[in-house]
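In the block that follows, a single chain appears as structure tokens, in the form predicted on its own.
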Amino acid sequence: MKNVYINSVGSVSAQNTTDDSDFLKDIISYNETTITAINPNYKDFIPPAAARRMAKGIKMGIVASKLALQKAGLESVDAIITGTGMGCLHDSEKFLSAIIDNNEEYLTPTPFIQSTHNTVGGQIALEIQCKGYNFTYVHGSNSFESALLDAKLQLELDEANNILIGGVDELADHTIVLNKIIHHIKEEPVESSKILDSKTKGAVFSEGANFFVVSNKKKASSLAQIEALEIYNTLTIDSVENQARQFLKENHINPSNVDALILGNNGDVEFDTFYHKLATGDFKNTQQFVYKPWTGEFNTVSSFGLLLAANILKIQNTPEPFKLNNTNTSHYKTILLYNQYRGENHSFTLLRTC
């Protein structure tokens, strides 16, 4: 089977990730319970007349995907695979509100049409005129990993050469209210640098889009090689370390040979224990990073973790605020990512240098 490489990335997030010259140089700290993504200059990527009719999730996805394609030197790809946990929430809320307000009469179909989860993938295909395989995965916080796994299998089996994959989710007012009621969002604002020490329930919710061109053809600009990926619906806290050990063993790697561990801690006192278990076990002497305090939590935020890992392997450096412990590594060859959300949808992803 062929190897799979990350050849480029494009990102719209709560940090400065759109412009390569400012990429993660000046980390923005927030003191909120929800964080919106920084809007790029959309008219540089989408005609203004079209952009006005698009939900933010669609616009973020198009910008991130076009950035990834530009960096890869491609105009189109063989396939587009998207992951999203909640789809175009704003249009979903708009349509459902119209049903209630109009007593189920005189409804315009546009918000419903644009609220479907595969809208982002479809719009990207229209923008770049890609008529190939187009699939959207909606598997909660494993949505992006499902898209990545699909692409990885196709590339390994030489069914495609270049695939655009990504994760995208947006915030919407009513959904924010509901998540606050059920304590999935923190009740009080927390400063980004203090989120992991907050000792309170819930996370700081956010939004964003991260897209990648993955290929079975290595280029000089390739960032990293995707070695392996495993997804689990449920794991107990006590089994996480064992599962990580088994995952690495299957890929002929000892935990001590992992140069960096990237974790998905979000400051939720009830569920960060999964990460603590891993961080204080086999990997206690491994350099560790976190990203959610600076990006917020959303269903496909693990795509930002992959972006961070790929950049660390390429440039051999990382922003200081992302460091979780004081261990330092002189050279990064192998990075392990672990993510879960509220005790479910666990994933391990293993990356190597090209």
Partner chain sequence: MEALKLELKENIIEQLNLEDMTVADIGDDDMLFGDGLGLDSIDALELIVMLDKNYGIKLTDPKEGRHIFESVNTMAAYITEHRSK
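Positions refer to the first chain, counted from 1. On a predicted model such as this, the values are computed, not experimentally measured, just so you know.
The same protein has a further form, the form predicted in complex with the partner chain, not shown here; the description that follows concerns it.
- Think of it this way: in the predicted complex, the partner chain has a heavy atom of just one of T273, N254, T108, T280 within 4.5 Å, and the residue is T108.
- Of the candidate stretches 322-330, 45-53, 63-71, 28-36, only 45-53 contains residues with a heavy atom within 4.5 Å of the partner chain in the predicted complex.
- When contacts are judged by a 4.5 Å heavy atom cut-off, I113 counts as touching the partner chain in the predicted complex.
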